[in-house]
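Shown here is one chain on its own, the form predicted alone, set out as structure tokens.
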């Protein structure tokens, strides 16, 4: 698919497939590391949940390739909604709101994408009952939203703005290793989880990284070597 360059706050026409494809590869590659983190500080099923979601996604895409951004991100939402446990529904609802950044047949601009990410954060906090500092995916998403809004308001190009958001998400995900979990399975092990990054927060860092890759003119790969 031919990519149109980003100008001002305009995002590429192929943002949907570029984002979902980049994220699919990143999550598949990171599933072992994410599962190991969850075994050390949770119930150990997150890696399997990621693999299940990506298998669901592959089936979604094989049955009918989406036509636009909204369709591609909705496919990712359905893939996660088909996963059990807590993470499946929460990620599924997050992607459902992220898909609403654009109407049918459209691609979002940077402002609409930031608003959709913020809406996704709100739905996770509503149904997951998590706040910043609870050692969940919210800890990576919230600072990413702030960084994206600030960069956009400062007039930075989309790729630069999303790179700032990605860096904020990664730094915050790393910081979850020093937090005591108050939500999710990790809350059952208390101080035992100290020193281990939250896998949901790490996965959210990959989400923002995939968005950054999707708007870069030369593509690239999602950074994942920080997950350990």
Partner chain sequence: MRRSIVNDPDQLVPEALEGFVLSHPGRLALDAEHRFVRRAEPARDKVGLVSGGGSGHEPLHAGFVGPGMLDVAVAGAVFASPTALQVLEATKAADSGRGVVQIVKNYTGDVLNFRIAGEISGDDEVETEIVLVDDDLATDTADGGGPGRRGTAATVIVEKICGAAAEEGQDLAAVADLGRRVAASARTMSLALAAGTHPGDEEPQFSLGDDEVELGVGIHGERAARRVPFTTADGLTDLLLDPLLEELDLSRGDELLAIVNGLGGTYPLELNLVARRLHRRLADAGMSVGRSLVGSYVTSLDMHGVSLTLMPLDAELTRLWDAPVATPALSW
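Positions refer to the first chain, counted from 1. The shown structure was predicted, so the numbers you read here are calculated from the model rather than taken from an experiment.
Heads up, the form predicted together with the partner chain isn't pictured, but that's what we're talking about next.
Residues within 4.5 angstroms of the partner chain in the model of the complex, judged by any non-hydrogen atom, belong to 77 to 85 and to none of the other stretches in 101 to 109, 132 to 140, 77 to 85, 148 to 156.
Using a 4.5 angstroms threshold between heavy atoms, residue 71 stays clear of the partner chain in the model of the complex. The closest non-hydrogen atom of residue 119 lies beyond 4.5 Å of the partner chain in the model of the complex. Residues 126, 127 are the members of 119 to 152 with a non-hydrogen atom no more than 4.5 angstroms from the partner chain in the model of the complex.
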